[in-house]
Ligand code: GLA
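Consider the single chain below, provided in structure tokens and representing the form predicted alone.
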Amino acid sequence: MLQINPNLNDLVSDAAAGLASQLGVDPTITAAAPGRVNLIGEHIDYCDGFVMPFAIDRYIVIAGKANGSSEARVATALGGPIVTLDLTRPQEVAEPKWANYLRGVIRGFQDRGHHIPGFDAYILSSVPGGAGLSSSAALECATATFLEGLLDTRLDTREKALLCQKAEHDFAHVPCGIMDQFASAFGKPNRLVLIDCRSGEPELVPFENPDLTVLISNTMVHHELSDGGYASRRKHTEDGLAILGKSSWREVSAADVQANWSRLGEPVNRRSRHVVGEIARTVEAAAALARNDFEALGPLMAASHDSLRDDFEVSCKELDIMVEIARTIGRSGGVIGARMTGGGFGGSTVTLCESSKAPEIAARLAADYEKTTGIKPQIFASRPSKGAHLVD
């Protein structure tokens, strides 16, 4: 059964109510930033590749107000104690762990010479955590956008995204590429964000056909990207590039990988094959979208998932089951393509399908997945949506 996405205006109202309830003030600044899904191009944003995510209509909202002090007081809808941050000194990693995303972004502003005044804030999210939908990037971009409002300044969108990426590197210790923060910052309605991760330049790709819908299926198997699995995969890609003697993966061909298969060794050879193949698949997918050839996307999405499962080894049993159900429904049932999305080790799949059949497909995915795994999934539809912004 398809979940209804919470309306952003309702989230804004609820965040204002939470701020009043928890901290006793009414907001003067409200920022929103979306999560993201990636249609194709996985684990290559840190390999100079191309990726093609979009901002989903699930948001993290931060409502707040300057408080005239030198401290930030932050409460969340998840409960727990109010977090207090001393803004008179540069932020450092500390407890609670989740607040390090805030600390990292604040530190980015401090390093740029900004004096952050004290504020009260309340955080509310409709982005499922641990679902591979970049709730962390959404929190970072929402925080940065809130600080823009607080300081009455505006960062260049690319600079803001890179500031947020650095916050994740330094304060969450996840060596992510640029995709998640770029998708959350640059997102636009009815546009995919094709990112050249070597140049760092995003290109908005039209995705306007109302007959197409993207289903996002949260397997409810959660991942923790800071536990080493992500970092080890990134290290494998760095080792592969060094062995091949190239300065960028964009200079490596499939023939190069095959010719050096034994020298690369396991598992670096398979990691390398994934990187080269996924870069090529993403370029092909962008070209297919440009010519409105949506049928070409299905095989590319299938090959992407298989490569992530077999060569990059970041899928899991539950992701594979959800993708296989979509494949069984097939083109005759309205499914164009399906694959895992995000960092992997759990999280979500993305299924491109016919809009008219989306409710039926979602019901089948949910029923068959629960029957096979005993887990009730969370499935919702999304169109490309607006990126990080201040809410009037």
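Note that the coordinates shown come from a computational prediction; the quantities given were computed from them, not determined experimentally. So that there is no doubt, residue numbering starts at 1 and follows the sequence shown.
The same protein also exists as the form predicted in complex with the ligand; that form is not shown, yet it is the one meant from here on.
K.L.:
Which residue, M179, A167, L139, A72, is the contact with the ligand in the predicted complex, using a 4.5 Å heavy atom cutoff?
P.N.:
By the 4.5 Å criterion, the partner-contacting residue is M179.
K.L.:
Between the options Y230, W249, F171, F186, which residue brings a heavy atom to within 4.5 Å of the ligand in the predicted complex?
P.N.:
Answer to the contact question: Y230.
K.L.:
Work out which of the listed stretches, 60-68, 35-43, 350-358, 363-371, brings a heavy atom within 4.5 angstroms of the ligand in the predicted complex.
P.N.:
Heavy-atom contact with the partner occurs in 35-43.
K.L.:
Does G334 reach the ligand in the predicted complex, with heavy atoms at most 4.5 Å apart?
P.N.:
Contact with the ligand, no.
K.L.:
Though only this chain appears here, would G342 touch the ligand in the predicted complex if you measure heavy atom gaps against 4.5 Å?
P.N.:
Yes, G342 lies within 4.5 Å of the ligand in the predicted complex.
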